[in-house]
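Form predicted on its own, single chain, as structure tokens, below.
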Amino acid sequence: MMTELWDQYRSVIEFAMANALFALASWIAMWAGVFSLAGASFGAVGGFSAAYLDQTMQAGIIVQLLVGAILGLLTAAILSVLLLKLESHWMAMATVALVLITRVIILSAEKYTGGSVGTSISRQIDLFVVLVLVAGVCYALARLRRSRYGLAAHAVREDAAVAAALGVNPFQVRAIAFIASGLVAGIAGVVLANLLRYIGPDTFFITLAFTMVAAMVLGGTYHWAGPIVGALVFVGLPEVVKSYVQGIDELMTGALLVAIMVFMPRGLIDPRRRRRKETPTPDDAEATSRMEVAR
């Protein structure tokens, strides 16, 4: 029974974890207050570089991951000089435009990407490696959360002007977050390409960008665990429902997103909610005092 369930949902977990890496890439940028969909473009850089290395050099997965991470990082570093000059919604619009431009480049660079036909890649990754990659990113974020940079990123996100008055350089903090986001998205692109075994101009397009952001918002944008939970729910739950009831998976996903946004605006994982439960309210303290007096 357990073996059958594992075989049935193994691929669901694999793709949920691949999307979790993309959502974590978005979360890293959001950590410093940068709302970005550019992870889809950085993922394309990683994915197509992995396919090219696989076809021309028969490179292993370690080489593919290293090259994808480095190219994603370098692409983000170059683009950060231009994009981080923009503020709030203009930044988001610019990254949407970047995703559109990326598709045009993929179609034009037929020699390297296969153009409109796309390109194939042999699978060299398994679920264990994907889980190790997700765990490695989470470990790094957990270590950074209470570090000097983590506190600076949180301050910049809450109020960049106040952070600057305290001696923090908002542009530098945002640039580091954006570049780290490119690194993780590049790795995610290699993972997704290996899982799909075929990538084309629509693989790293608007649908992926929307999934990436939806998983982050659903899970919560105030803790690194949020994107992982969000990806499991947003990607995994509809697939589970689809195996039992056909035709309502998209309806259920949309309804779930709306319900979360209305009733849990900070997402499924909210550190502030846990702190409120741990800290007694004045009413709780008064009730406790009355009970002690009654005894």
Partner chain sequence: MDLLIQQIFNGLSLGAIYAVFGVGFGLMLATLGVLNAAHGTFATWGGLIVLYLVNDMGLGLWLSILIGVIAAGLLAVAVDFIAFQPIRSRSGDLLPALITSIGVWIFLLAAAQIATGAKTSRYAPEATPQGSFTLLGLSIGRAQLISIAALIIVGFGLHALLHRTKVGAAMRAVGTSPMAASLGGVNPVLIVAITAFLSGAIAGLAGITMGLSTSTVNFLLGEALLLKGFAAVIIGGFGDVRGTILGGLLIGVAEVLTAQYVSGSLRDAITFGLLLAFLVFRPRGLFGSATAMKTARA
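Every value quoted in this text rests on a predicted model; they were computed, and no experiment measured them. Residue numbers count along the first chain shown, from 1.
Although not depicted, the form predicted together with the partner chain is the subject of the following passage.
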Flag this candidate site as yes only if L127, V130 and V241 all have a heavy atom within 4.5 Å of the partner chain in the model of the complex; otherwise mark no.
no
Among 183 to 191, 166 to 174, 67 to 75, 101 to 109, the stretch whose residues bring a heavy atom within 4.5 Å of the partner chain in the model of the complex is 101 to 109
Contact with the partner chain in the model of the complex, heavy atom within 4.5 Å, among L151, V117, V96, A142 goes to V96
Among V156, I199, A214, V137, just one has a heavy atom within 4.5 Å of the partner chain in the model of the complex, namely A214
| Heavy atom of F205 within 4.5 Å of the partner chain in the model of the complex | yes
>> in the model of the complex, is there a heavy atom of the partner chain that lies within 4.5 Å of any heavy atom of I179, even though the partner is absent here?
In response: no
Open item on the list: Even though the partner isn't displayed, in the model of the complex is W31 close enough to the partner chain, meaning a heavy atom within 4.5 Å?
Closed with: no
- Proximity of M57 to the partner chain in the model of the complex, heavy atoms at 4.5 Å: no
Residues in 63 to 91 that come within 4.5 Å of the partner chain in the model of the complex by at least one heavy atom, in order, are L82, L83, K85, L86, E87, H89, W90
